[in-house]
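The chain that follows stands alone, in the form predicted alone, written as structure tokens.
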Amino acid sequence: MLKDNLCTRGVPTTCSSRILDGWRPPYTATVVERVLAAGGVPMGKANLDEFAMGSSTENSAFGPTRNPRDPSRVPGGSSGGSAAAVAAGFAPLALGSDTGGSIRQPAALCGVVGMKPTYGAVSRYGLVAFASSLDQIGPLAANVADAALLYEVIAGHDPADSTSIRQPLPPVAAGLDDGVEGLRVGVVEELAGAEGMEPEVVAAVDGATRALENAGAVVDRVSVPSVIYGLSAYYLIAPAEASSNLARYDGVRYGLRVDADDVGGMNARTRARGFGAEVKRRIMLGTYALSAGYYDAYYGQAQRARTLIIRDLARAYERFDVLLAPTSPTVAFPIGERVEDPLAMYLSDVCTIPPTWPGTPP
């Protein structure tokens, strides 16, 4: 199952947005080509939050996706369609994209396995861009072994992607039976104890901690103070990159076109009708953050916070092999509960965003 922001030649690719009505890509994403070469058969395109902007897969021009574990609840987002397809048994494997948690959060809420690979480990060629310094394609599967196998199929250098890592990547599937004896695990205090953490989530993290200790891992707590700025920095940097990336949707070259008396009017009408409310919100936020007089105060300051988080996480990795934290502060919430409350929706990403900044697998 392919998230519908992955281009497939001749097949409609909508990003769950009306702005791409009628667009059929003239090329296929590298990851899709690699799946095909390995004998995989794409079963269909999966729903997502429009242009991957959301945490519930409710921001889609085609309606929400429901969680197969409980249809009254969201599957998470933005790769909610991919996660739901695996959880429902429609497909054994799926591809999603993750910018600030869009594979990991729906995987957690749907009870499947999801992975955001190291930035550059998987080619982004053919992925419709949201925030280019953060976007990464990764696997969703019913179990870790299947996710590892899919990752090995899609990973590796691609000359078509300038951010692709040139060095050979280490295999992952071969080490699945190695165990965790002696592994140094750090529980991030600021994330494990984040505001709004539901008791069920706390209990799950505690259970994972005990399981690791019982299996021979060395577990301790670690403070990474700057991660508290992760969410704020993300919702300046990612919308800023989105405002630049989405400027190409103007009604001229492809997709929806709403006619008007002049080009400016046509651009405005096309975007007004083609983009949903959340995409418009983020474009405006990003454009404001990049505007003259505000660039240093918002975008520049967010980039400094990003650097601080990267440094703090690097120090933590000097003591620990892996860091442990919740994926989501809550279990899957009811459909419609947060649609009118953007801040509450954004807080769904409070745990997945901070470890995204270094580009390593969070």
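No experiment lies behind these values; they were computed from the predicted model shown. A residue's number is simply how far along the shown sequence it sits, counting from 1.
There is another form of the same protein, the form predicted together with a small molecule; it is not shown, and what comes next is about it.
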property	result
Contact segment among 211-219, 96-104, 193-201, 119-127, judged by heavy atoms lying within 4.5 Å of the small molecule in the predicted complex	96-104
Close approach of V31 to the small molecule in the predicted complex, 4.5 Å, heavy atom	no
Residue contact check: A46 to the small molecule in the predicted complex, 4.5 Å heavy atom	no
4.5 angstroms heavy atom contact with the small molecule in the predicted complex for S82	no
The small molecule contact at Y151 in the predicted complex, heavy atom, 4.5 Å	no
All of S17, G251 and F275 within 4.5 Å of the small molecule in the predicted complex, heavy atom check	no
